[in-house]
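One chain comes next, on its own, written as structure tokens: the form predicted alone.
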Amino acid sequence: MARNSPVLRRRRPEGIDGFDPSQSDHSQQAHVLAVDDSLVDRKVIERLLKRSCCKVTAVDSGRKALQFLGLDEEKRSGVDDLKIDLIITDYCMPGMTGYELMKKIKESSALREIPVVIMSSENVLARIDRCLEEGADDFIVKPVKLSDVKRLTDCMIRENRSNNKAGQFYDRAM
């Protein structure tokens, strides 16, 4: 059994004992808000982004996303200095679509610069064009794959070129 133990152990980055990437300083990570009504899709997105050293907040509806962002007057999240580097949202959700969520975000003077990526399991050209014309930074057809993380990274870098955090995320994702 002792002979197999090195195979089961994870290699620590840069040989630093006690380093756990999941416990690293979140201020050095890009923060992504993932919005999807499907638990499976939320978990896939969360896992892919966390593999690329992102902090991920996942919610299951457009309304909860608005609450988290402080745009819902009824139930504010209470976080005034919230830093979100990217929002990725499903297009088709009950109550509020990802398109409607994106429109509300782009109407907010405080949040309009945050890149919004919309994803859908349906490859409908008219829907894709409408989202991109109205302010979405990208459109991804599900299922989201690790290769799509590069596109998400590119969205953050385009919006945050002077932000060191986006550059660090890009370096880790590559």
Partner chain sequence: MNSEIDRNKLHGQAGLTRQSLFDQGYLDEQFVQLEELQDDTNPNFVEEVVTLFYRDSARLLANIEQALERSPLDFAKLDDYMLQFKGCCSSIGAKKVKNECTQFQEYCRAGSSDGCTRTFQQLKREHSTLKNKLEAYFQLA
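Positions refer to the first chain, counted from 1. Worth saying up front: this structure is predicted, and the values here are computed from it rather than measured.
Another form, the form predicted in complex with its partner chain, is not on view; read the next lines as being about it.
Undergrad: Heavy atom within 4.5 Å of its partner chain in the model of the complex: which of 56, 114, 144, 59 fits that? Just give me the one.
TA: Partner contact (heavy atom, 4.5 Å) among the options: 144.
Undergrad: Determine which one of 130-138, 116-124, 103-111, 61-69 lies within 4.5 Å of its partner chain in the model of the complex, judging by heavy atom distances; exactly one does.
TA: So the stretch in question is 116-124.
Undergrad: Scan 37-54 and write down, in order along the chain, each residue with a heavy atom lying within 4.5 Å of its partner chain in the model of the complex.
TA: Counting only heavy atoms within 4.5 Å of its partner chain in the model of the complex, the contacting residues of 37-54 are 37, 38, 39, 40, 41, 43, 44, 47, 48, 51.
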